[in-house]
Each structure stands twice: as structure tokens, then as C-alpha cells.
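Coming up are structure 1 and structure 2: the same protein chain in two forms, each one given alone as C-alpha cells.
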Structure 1
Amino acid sequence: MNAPVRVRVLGLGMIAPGALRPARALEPPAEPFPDWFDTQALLPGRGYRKLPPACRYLLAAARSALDDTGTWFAGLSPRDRAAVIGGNNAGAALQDDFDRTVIATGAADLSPARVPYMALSMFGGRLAPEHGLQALVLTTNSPAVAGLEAVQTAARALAAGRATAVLAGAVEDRPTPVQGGGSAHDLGAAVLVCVQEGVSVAGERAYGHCSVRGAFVGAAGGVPETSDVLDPLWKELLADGRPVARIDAVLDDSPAGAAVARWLTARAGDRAVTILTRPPGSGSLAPLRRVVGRMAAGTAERAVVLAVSAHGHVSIADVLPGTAGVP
């Protein structure tokens, strides 16, 4: 097994109720309030009004992240620009509305402008014409971990030479109330502008480095087996020996979540541990939001961000803020 592929993070964007800047990403998620997303201010220009709300969140987060990098990205060839975006629920309400319309009156009453957004991949896909992304646009969709999975997939794509810069992010909206799941942790979008580790861009600041590894612990969450799976992963991910100061875990109360929580308790030691517990069915934004927050915090403290799905997915991110992050 090779060492995890790292990305170097050059820009950050964060759009969520009460957290319109990366520096606020670690604050407790807020319920959306009227006009929290001011389209005119956050997404000036034409052609956005009819887009689904989550698509606007993602476009605004990407614009913010790219503004954060200065002029460098705009100087790249479109063939070198890419995006990998994670999501679970961004289109859930639209699908629910569409299906109820078909049942009630038929397909002729669907909005043709919104039809493409039945596919979750169109939320990230809308970034391509917006920013001239011709290298690749890819959507990751594993429950709960899709945001971290996007960073991992972006890192592999960069290592494979598929792009020079990748917007790696997550976008979520809550499902309709009748669908139950979801929480305020998972409304909005976060975007990281990533290049391959070791790539320096003159005159631009770097927030640090990040790498992600994934595993599958199963839905039943057997505790000894969880250790068997996660202990080697932890060792591989943090093999360089630099101390981990903080652990942020985004869990739910499923058997898989409970098993990982118990494993984490044994792992925590004297590290600062923050556990965010959400209902199963929440989306993939919360873990990436923690990565953005740790990157933006301005410290050099190594942090681990961990996410678990009720279905058995686990992703662990190694977050190395600061320019001294990698030996």
C-alpha cells in the first residue's frame, strides 16, 4: 500500500447559513433564516435565478474559493481545470416534487429547465461552463462521506495527471420534510481549490495539505472488526509521525456510527475531540466543512476529520494546515 496522495490547498470557499466565510466554518451550524443567501450579493450576474438553490450555493462557494486564489486559476488552460463535487441530497427535494407532479398530472407539467437537476451530477456539472472546466467534472455520492471522497478522488486525479487544479467540494440541501433526514449541518456548499502536493504557485498562499483514505466497516459495526479495519488505516494515513492535535468526528447513531465512536474513544488519548452527531440521512457537507474550518483556522495544528455513514462507509482526512505541514 502506497502512502496517501496529498493535495495542496490554495483556496477555500464556504456557503452555509451564518457561515459565509471559511473562518466561520467551525461555528455551530445554524438553521437557515430568511434571506441568508443573498443571490445578488453572493452570485452577481445573470442566469442564476432559475437554478435549484443548492446549485446556487455551490456556484457561490466555488466563486469565493477561486477569488481566494487570486488570478492564478484564471491563467490556466481550461484543459487543466477540473472539479470533483460530492453530494447526497442536493436534488432530493426536486426529485420528490417531480415524482409527485408526474403522479398527479403527468410529465408534461415538469419544468424543462430543472429536468437536468434530477441527476445529482448536474449540480457539480454546472461549474464547467461557469469556470471553463474541460479536464474533468466528476460527482461523488457515497452517503455521508461524499465530500471527503471528493478530495480523495481529486487527489488521485491530480496524481494521474488528469488536471492541474481541481475544485473539490460538497453541496447539500435538505430533503423535503416528508423525507425525514437531514440537518442544519448539511445545507450549503464548501469548495477547496486543490493542486498536487509539491506544486507551488508563485505569489499565492497555501492553506496546507490534505489527504483522505476510505474504508468500509459494514452497517452492523462489529467493534473488534472496526478496529481491525481502522487501526491500519489510521497508521497508514499518519505514518509520518507528526502529532495529531485534534480529531473532529461526524457520526450518526447507527450501529456503524456507534462502533466508530467507541473505536475513537480508545484512540483519542489527550487530543481535543469534537463529535458532531447527526441523524442518519444527513448529507456529506459537515465533514468537509470541518476540513475548511481547520484549514482556515490559521494554526499549524494537525487535525483529523472523520465521517461515518449508517451504511458502513468511513472516510478519514488528514488535515495539515500551514506551509510547514509536509516535511
Structure 2
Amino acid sequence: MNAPVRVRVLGLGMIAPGALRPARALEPPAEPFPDWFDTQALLPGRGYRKLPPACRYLLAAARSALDDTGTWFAGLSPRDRAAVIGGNNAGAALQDDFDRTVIATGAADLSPARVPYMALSMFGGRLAPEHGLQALVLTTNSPAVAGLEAVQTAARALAAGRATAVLAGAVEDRPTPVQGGGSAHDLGAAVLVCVQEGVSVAGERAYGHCSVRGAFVGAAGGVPETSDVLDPLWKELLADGRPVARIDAVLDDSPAGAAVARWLTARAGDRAVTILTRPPGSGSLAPLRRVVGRMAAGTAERAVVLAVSAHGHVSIADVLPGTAGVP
């Protein structure tokens, strides 16, 4: 089995109610108060006010993450800059509004500024003109795991030499109540500025290292089968001998979520475990928010962030905070 590729994280951005900076990413999600997102303060400049909310969250998180890296990114050629952004419900409420407008009064009443966001790829794609990204801009879409999968895809792109720096992130907006409503775990955006492991960057301030493993346990989530799939990943993760101090698990109450929870209970040992339970079909921000929080915590404790979707997709992020190298 080939070990997953690690990225080195040079910048962090976090935009969510009650967590407008990475150091607060581990705090319990808060219900948004009116005007919690101050567009003028978080996105100074023209042309943002009419963008969909999720697009503004992502632009603000990316800007914050890049500001965190100093002037280094601005010196890169646009052909070396890329982004991979995960999402699930970023455009759900917007598309519901489109449908209702077309039914009620016709397509002519759709907002020209928002119509392009019928395509979910536009939420990540909006970063390209904003930051001169010409290497690649990809979008990963799935419940729960898309944000972690964005980091995994970014690592592969860096290892393949497709870019020098990749903005890897997740963005979510809550769907309407009739669509399920979602939770405060999944409102906002998180962005990591990633470079390939081993590549030096002048003046860098590295937050740490991260790699992501993916697996599929199936929607039924039978316990023996879950163990067959996840045990090899767990063994591989522990193979370098560095202790895992903390496990953050983002689960739902689906059969797959329950099976992974039982598997995790049997292997957690004396590690500190934090379980976040959300409805099936939720967004992909919460797991990446935990990665940002662990990176920003200022400790050297190795942490694992695990997410599972009701469909049976599992992502496991290995988070190594700190500036020390890895074996």
C-alpha cells in the first residue's frame, strides 16, 4: 500500500459564525447572528456585495489564508497557483431560490450576478480571477468528506508537479429548512495554503503537515467489513511510531456512521476523542474546520480527523502540527 502524500501548510483561513480566525476553529459552532459576516470589513473592495453568501465566505477565508503567508504567494507565477475546493450544500439554498423564482415569475427575474452559481464549480472557480490561479481549479462535491478530499487532491496535484502552491478548502452554506436546514457546523469556509512536503519557501511559517487517506465502507456499514477496510489504514497511519494524541470524528447516525463509530471505539484506546454528530447529508466544512483548529492550536500533538458520509465514504486526515520535520 502506498502511503498518502503529505502537504506542508503555510497559511490558514477560517470564516464561520463565532470563528472568524483559525485560533477559534475548535470552538463549538455558533448560530449566526444577523450581519455576522461584515462584507465591508472581511472583503474590502468592490464587486462582492451581490455575490452568493457562500462565495463571499470562501473569498474571505482564502484572502485571510494568503495574508497569513506574507508576500510569498504574490511572487509566484500564476501558472504555479492552484485551488481545490470541497463543498456539498454551498449552492443548495441558492438553487432552491432559482427554482422558486422560475416557477413564480419566470427566468427573466433571476439575478444575473448569481445565475453563474447554478454550477457548484463556480464557488471554487471564483478564486481564479481573484488570485490569478492558472495551474488548476478543481471542485470536490460530496457530503461530509469533500473538504478533506480537497486536501488529498491538492497533495496529489503538488506531487505531480501541477502547481507550486494550492489553496485547499471547503465552503458551505446551510440549505433552506425545506431542504433539511443543515447545522451551524456547516456555515462558512476554511482554506489551507499548501505546498509540497520538502519544498522550502523563503520566510515561511509552517503550521504543520497533513495527509489524507480515503476509503469506502458502504452505506450498510457492516462492522466486519468496516474493520477490513479501515484497519489497514489505521495500521499504516501508526506505522511511523509517532503517537496519536487526539481523534476528532465527524459522524452521522446512518448505518455507515454507526459502524465507523463502533470501529473507532474499539481502537481509540486512551486517546482524547471528540465526536461531532450531524444529520446525514450535511456539508463538508466541519472536518476541515477541525484540521484548521488543530493546526492553529500551537501544540505539537498529532491528531487524526475522521469523517464519514451516509453513503459510506470515509476520509482520515493525519494532522502533524508544528514546524518540525516529519520522518
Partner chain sequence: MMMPDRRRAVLTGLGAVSCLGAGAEAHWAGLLAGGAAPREVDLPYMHMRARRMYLTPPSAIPADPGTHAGIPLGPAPRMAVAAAREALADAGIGRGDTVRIPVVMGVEMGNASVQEEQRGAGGTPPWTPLAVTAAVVAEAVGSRAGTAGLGNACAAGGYALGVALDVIRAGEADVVLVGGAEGITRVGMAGFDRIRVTDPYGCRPFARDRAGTVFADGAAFAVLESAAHAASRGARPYAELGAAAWSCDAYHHPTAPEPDAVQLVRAMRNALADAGVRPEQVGCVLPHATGTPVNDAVESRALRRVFGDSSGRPPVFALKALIGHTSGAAGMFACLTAALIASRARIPANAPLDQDPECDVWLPQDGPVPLNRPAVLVNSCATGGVNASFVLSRVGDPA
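Just so we're on the same page, rigid core means the largest C-alpha set that superposes within 1.5 Å between forms. Residues are numbered by position in structure 1's sequence, first residue being 1. Given the structure is predicted, the values throughout are model-derived calculations rather than measurements.
Assignment of forms: the chain in structure 2 is the form predicted alone, the chain in structure 1 is not. After superposing the rigid core, the Cα of Thr105 is displaced by 2 Å or more between structures 1 and 2.
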